[in-house]
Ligand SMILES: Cc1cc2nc3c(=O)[nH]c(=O)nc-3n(C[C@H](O)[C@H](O)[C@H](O)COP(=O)(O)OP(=O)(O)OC[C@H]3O[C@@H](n4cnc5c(N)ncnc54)[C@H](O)[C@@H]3O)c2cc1C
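To begin, one chain is listed below as structure tokens, in the form predicted alone.
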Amino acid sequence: MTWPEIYLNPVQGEILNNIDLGDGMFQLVVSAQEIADRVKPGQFVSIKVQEGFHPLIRRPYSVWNAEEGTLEFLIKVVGTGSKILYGRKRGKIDMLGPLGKPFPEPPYDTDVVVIAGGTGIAPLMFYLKYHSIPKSILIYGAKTSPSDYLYSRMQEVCDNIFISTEDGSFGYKGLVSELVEELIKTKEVVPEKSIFFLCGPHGMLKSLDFLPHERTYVSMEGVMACGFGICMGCAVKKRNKKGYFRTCVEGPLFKLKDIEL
């Protein structure tokens, strides 16, 4: 399906479940065969959170998982749109997708290291599961301990998991960037033999700028209001060049060497 067709033919999904995972996060499960059959890791879905014109703008969410006609989203309550979705337990839901470019095929001759913060874990977990990557490392950073359910889902897609929490309630006490530096020192992670995929808050991404730029990919979380590159709300400045990339069209995945964080 082409981009114009996607926007002219929104998908009417059905909310199957909405589960509170603690720490302001929830799992939204939606039946949407048309999108689930086509979506690939890294792509997102633009959701109209409720009927009517409030809020007017759709909300973009990366896909956490897709199988058997069902989509899963990992969402944090941060504003009006996510708060409305959090309160929706059943009913029809209007969606556009899949949008954005999928992540590249993983290289099977090197380690794949995914580093996430908050809900940025969603597309990276989908990537690991979709490709069943044998040599992978998952590094996750949060303010406090992840829910048992979220941690169990991580264990389903990766055997080598490292977690940092700012309050020290689980794993390494400190920032995820500090954990990555420690793992490099102990040679659990070898930058020269690894390819990195990052997704999370802007501050986290900036703190990981020490990773090799040519071997590091960043999945950006922009304000993708329109979803097809017109509004420029999700613009990302090019590194050492004039101009901007549009997260919703050229991304959401970029090489770190190409963008300025």
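Don't overthink the numbering: it's just position in the shown sequence, from 1. Nothing here was measured: the structure is a model prediction, and the numbers come from that model.
Below: the form predicted together with the named molecule, not depicted.
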{"property": "Among 69-77, 158-166, 181-189, 103-111, the region lying within 4.5 Å of the named molecule in the model of the complex by heavy atom distance", "result": "69-77"}
{"property": "4.5 angstroms heavy atom contact with the named molecule in the model of the complex for Ala122", "result": "yes"}
{"property": "The named molecule contact at Arg59 in the model of the complex, heavy atom, 4.5 Å", "result": "yes"}
{"property": "Interface membership of Met220, the named molecule in the model of the complex, 4.5 Å heavy atom rule", "result": "yes"}
{"property": "Contact label in the model of the complex: Phe44 to the named molecule, heavy atom within 4.5 Å", "result": "yes"}
{"property": "Partner-contacting position among Ser136, Ser82, Ser177, Ser145 - heavy atom within 4.5 Å of the named molecule in the model of the complex", "result": "Ser82"}
